[in-house]
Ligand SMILES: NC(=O)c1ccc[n+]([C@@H]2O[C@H](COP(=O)([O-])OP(=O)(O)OC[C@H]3O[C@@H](n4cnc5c(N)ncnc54)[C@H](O)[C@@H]3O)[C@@H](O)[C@H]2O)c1
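Below you will find one chain, with nothing else, as structure tokens; this is the form predicted on its own, and questions on how it binds or moves follow later.
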């Protein structure tokens, strides 16, 4: 079983698809890219050309890949072991449902869906069909993160006081202008749903809790789009800890940063990535533990794990493949996708209704219902 090759089909050839193609076709991945579907003619060729592969390797890969205009036909004909979904967010639910019901496991880019009930339904279908869902929550696959989460859960950092997450992932107006769905409430959402959802997933996972209440304010300051480009919020977790959230796409596009902080009775840590460079500061009982955690990472996952920042999607695929072959669940599973979506939707609903929102939501809610929200003047 360990040497079994799993066939992968890709739906959607946007910018993120290149990372998926590179991860799938990585040497010794145990995966074969068998098919690609996109409604735009030539979309696969365009994204494939952007992949950093030798001409010889590209020629080899292209010989095995069939292209389709529609994903239903592709699923029927190819019967892939894994379907990777990188289509616009508003299409995630319908494609993921069709793929699982056709018998395929899925790797689903964030967010899981744009509606709370749809996220729950996808989780339920996954359980009923015994099909695995691996979410594109890339931060869970970064070096050191997994060992930190285990130690927080084991009590090494003591009782958790609070945490915070900052996502300053700037985009210019051209980013939102390149596709009609970007920045829309129906198909994309704003900074919370697009840029912050996997950061919110990570901080809750690290804090060993699930969000049970949300408060938020949102605004639109610099961009011409439907949804928000700045959001501030707080989450209360079921273990009593609090989490502060800041997300914006208003920062300089060349200075992307995602930062995380956790404080416990016995210690805490700061970590993040800025301009592609990771940083860590881990302290327990006043003593710095960076080296200890780097050595623990190397022992548990090998030296190559420290290079996973170049394409964390390779880690997601390896984890999903192992989960399928060994009957386990991925690190970022269906529950993580459902919980992160519901947390974001609760933050949106809090901003809309100007009050604290309980999680799980008392009534169904979708990002599209934010279309009634008024930002007021941008001046």
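Everything numeric in this text was worked out from a predicted model, so none of it was measured. Numbering follows the first chain given and starts at 1.
The discussion below concerns the form predicted in complex with this ligand, not included here.
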Exercise for review: Identify, from the list 231, 243, 202, 87, the residue with a heavy atom within 4.5 Å of this ligand in the model of the complex.
Suggested key: 87
Review point. Of these, 282, 138, 145, 237, which has a heavy atom no more than 4.5 Å from this ligand in the model of the complex?
Key: 138
Point to revise | Non-hydrogen atom contact residue 38 with this ligand in the model of the complex at 4.5 angstroms | key: yes
Check your understanding: Does any heavy atom of residue 222 come within 4.5 Å of a heavy atom of this ligand in the model of the complex?
Key -> no
Exercise for review: Flag residue 314 as yes or no: does it have a non-hydrogen atom within 4.5 angstroms of any non-hydrogen atom of this ligand in the model of the complex?
Suggested key: no
Check your understanding: Quick one: does residue 110 come within 4.5 Å of this ligand in the model of the complex, counting heavy atoms only?
Key -> yes
Check your understanding: For the spot marked by 14, 71 and 198, is every residue within 4.5 Å of this ligand in the model of the complex through some heavy atom?
Key -> yes
Review point. Pick from 123-131, 150-158, 259-267, 176-184: which stretch has a heavy atom within 4.5 Å of this ligand in the model of the complex?
Key: 176-184
Point to revise | Within 4.5 Å of this ligand in the model of the complex: residues from 42-70 (heavy atom criterion) | key: 43
